[in-house]
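First, one chain by itself: the form predicted alone, in structure tokens.
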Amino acid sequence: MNSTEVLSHTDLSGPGGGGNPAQICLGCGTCASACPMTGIEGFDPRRIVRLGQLGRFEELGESSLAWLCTMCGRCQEGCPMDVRITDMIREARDLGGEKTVPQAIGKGIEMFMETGNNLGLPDEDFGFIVEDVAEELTEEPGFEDFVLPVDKEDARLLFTLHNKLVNTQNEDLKHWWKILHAAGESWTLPGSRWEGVNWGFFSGQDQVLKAGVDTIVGNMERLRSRGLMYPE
């Protein structure tokens, strides 16, 4: 895919834009002032737009510049011309191919595609972890009757997880569960393919992005959940 195809593949401007950022960018620097990464290792969202203006997307895709972005979207939100800078970065990341994807993200995506979570955690281990946290919760006053709902059908909310909640921050699960229990909410955890974080968004790989969305939708349909909760 060449730079022209990239620009035609994604309309990089908002309302009133012509698709090519060269036609609409004012060079005002609002994006740079909004970006939390500006100045770190030479990062500046204006450089991203400038490379787009020059049609140098291959260079952008092969550099580390696009990977310094956190994808927070503050640049795009602040742009008075609605230049879709984060979309440009996703296009550039995808254009670079798998060889440019940072190892941690690439491995996480591989694990997600195989197991349904970015850790590659087997369902049995996941079940053991969350049940252990639930048992600890029942030892606290006021939560003696807490029962962890896993794969409960017809619950109002499907509760997806960030992998850190079952990896390094197990205690944070209790805070969420206490609120749901005290509120008398109807909710459930999926017993498999429970990951809510979609690394396809960060990698620029639309097929991975779609697979993540399909996983959540599939769990909602399987359990007949009417709403979704994602505690990111």
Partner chain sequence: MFDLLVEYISTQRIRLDRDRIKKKAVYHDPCNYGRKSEALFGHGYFHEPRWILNQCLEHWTDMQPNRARQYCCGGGGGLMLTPYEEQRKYYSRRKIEQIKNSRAELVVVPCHSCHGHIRAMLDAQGPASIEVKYLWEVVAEALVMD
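Just so we're on the same page, rigid core means the largest C-alpha set that superposes within 1.5 Å between forms. Quick caveat, the model's predicted, so the values are computed rather than measured. Numbering follows the first chain given and starts at 1.
Quick note: we don't show the form predicted in complex with the partner chain, though the next part is all about it.
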property: Distance check, residue 64 to the partner chain in the model of the complex, heavy atom within 4.5 Å; result: yes
property: The partner chain contact at residue 181 in the model of the complex, heavy atom, 4.5 Å; result: yes
property: The partner chain contact in the model of the complex: residue 202, any heavy atom under 4.5 Å; result: yes
property: Partner proximity in the model of the complex: residue 191 to the partner chain, non-hydrogen atom cutoff 4.5 Å; result: no
property: Site test, 93, 143 and 156 vs the partner chain in the model of the complex, non-hydrogen atom cutoff 4.5 Å; result: yes
property: Residues within stretch 144 to 178 having a non-hydrogen atom within 4.5 Å of the partner chain in the model of the complex; result: 156, 157, 162, 164, 165, 169, 172, 175, 176, 178
property: After fitting the core, residue 177 CA displacement of 2 Å or more between the shown form and the other one; result: no
property: Large Cα shift (2 Å or above) at residue 43 between the shown form and the other one, core-fitted; result: yes
